[in-house]
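Shown below, as structure tokens, is a lone chain in the form predicted alone; questions about how it binds or moves come after it.
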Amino acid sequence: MHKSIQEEIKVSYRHRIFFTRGSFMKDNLLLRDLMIEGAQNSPLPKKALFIIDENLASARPDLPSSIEQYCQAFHQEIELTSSPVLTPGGEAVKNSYPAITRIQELIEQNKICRHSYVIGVGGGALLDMVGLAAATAHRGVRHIRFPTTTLSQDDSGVGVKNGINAFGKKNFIGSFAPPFAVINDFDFIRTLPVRDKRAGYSEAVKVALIRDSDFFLELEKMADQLAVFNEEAMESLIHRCAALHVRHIATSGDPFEFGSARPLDFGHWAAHKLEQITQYAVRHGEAVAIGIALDVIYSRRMGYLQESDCNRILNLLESLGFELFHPGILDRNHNDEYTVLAGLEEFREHLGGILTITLIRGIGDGFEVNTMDQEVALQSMLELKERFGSESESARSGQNIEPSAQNSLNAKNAVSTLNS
């Protein structure tokens, strides 16, 4: 005879993304008003700890002082606990747990409580790390995100995930913790290097392919403007892409990924592995573009997708400036397995359950499969090399994003073996 107590616990979240310019100008009251809103009638100013991506601070040396002046102007509402803290950004910050510990120490030293704010300002990798620190200190303190790259403003920064890499696996340590608010300030996009301006485009193509054919048509129409980084076109892309991502999170019925499916990771099973193979020399948005190209060709080879649609998608990615092949895609591991294909099991393992990969039947028509034909996947990888390899090698020589020497050798051996 067993006894049990069961109660259903429902927790409601409000997920908000704001779009603005000049966030730290004194006449922009958005941040101040958000912090007042969360004050719960307390007369005391709310503590704020700012963590800034040092790459951003190099591009915007006025930023720390602008934040200090903003908080001073509203000192009755905001208590800046210390000067903004500069922290390394980029994928490297996600590969070291001490970065988390440092932020947690700052939270403790500055007496940040659950009614205070940790405010991250930077790219997606820094926001992932700061978000995880905020989610785990005091079992969760309020976190406000300022994504500053195209990729973080239209994808990673507007989600509810936080995480760092560990044990050779991407985002192995992490949490689901919706931020108090996300503020997309378009002024940050202006100072980005070209690669970072482009990187977020691949996530827009991804969500259009699985969710919204009209958005894909818009991207095709705007492709020439996006290729030269027209601000109006970029803002339109960011806003629409962010809206589609947030709508999925809110309406999919599985915002914290308890199931086996990750439709928003279309093109990502190969992308995550390619990033690791190249030691993150290939950045996430660039790897996603290659991953999308691979899955699009695979979908065509499996008879799911018409050749005309396949070519449209590849043409759009190329017109946006993406290279669609990297020799790391044909890397082999110590067991002489193709490393990318071995990554399928890691992709499944990350959620558990059965392997679930999103593919497309047409533009805007995503669907799920539970098996991948590895021979067809391998042929798709070789097709990428045949179609785009020579162009990518030529372009890469001027961009300094070579894989490691060993990966290059492995890739060449793999092609040689496959063609023999």
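All values reported here derive from a predicted model rather than from experimental measurement. Residue indices: 1-based, along the sequence shown.
Absent from the display: the form predicted in complex with a small molecule. The rest refers to it.
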Triple contact flag Phe50, Arg142 and Ala177 to the small molecule in the predicted complex, non-hydrogen atom at 4.5 angstroms: no
Stretch from 168-176, 108-116, 301-309, 133-141 whose residues place a heavy atom within 4.5 Å of the small molecule in the predicted complex: 168-176
Contact test in the predicted complex: Ala270 vs the small molecule, heavy atoms, 4.5 Å: no
4.5 Å heavy atom contact, Asp295 to the small molecule in the predicted complex: no
Residue contact check: Lys161 to the small molecule in the predicted complex, 4.5 Å heavy atom: yes
Thr358, heavy atom within 4.5 angstroms of the small molecule in the predicted complex: no
Contact residue in the predicted complex, chosen from Gly120, Gly291, Gly328, Gly123 - any heavy atom within 4.5 Å of the small molecule: Gly123
Residue among Asn230, Ser319, Gln279, Thr191 with a heavy atom within 4.5 Å of the small molecule in the predicted complex: Thr191
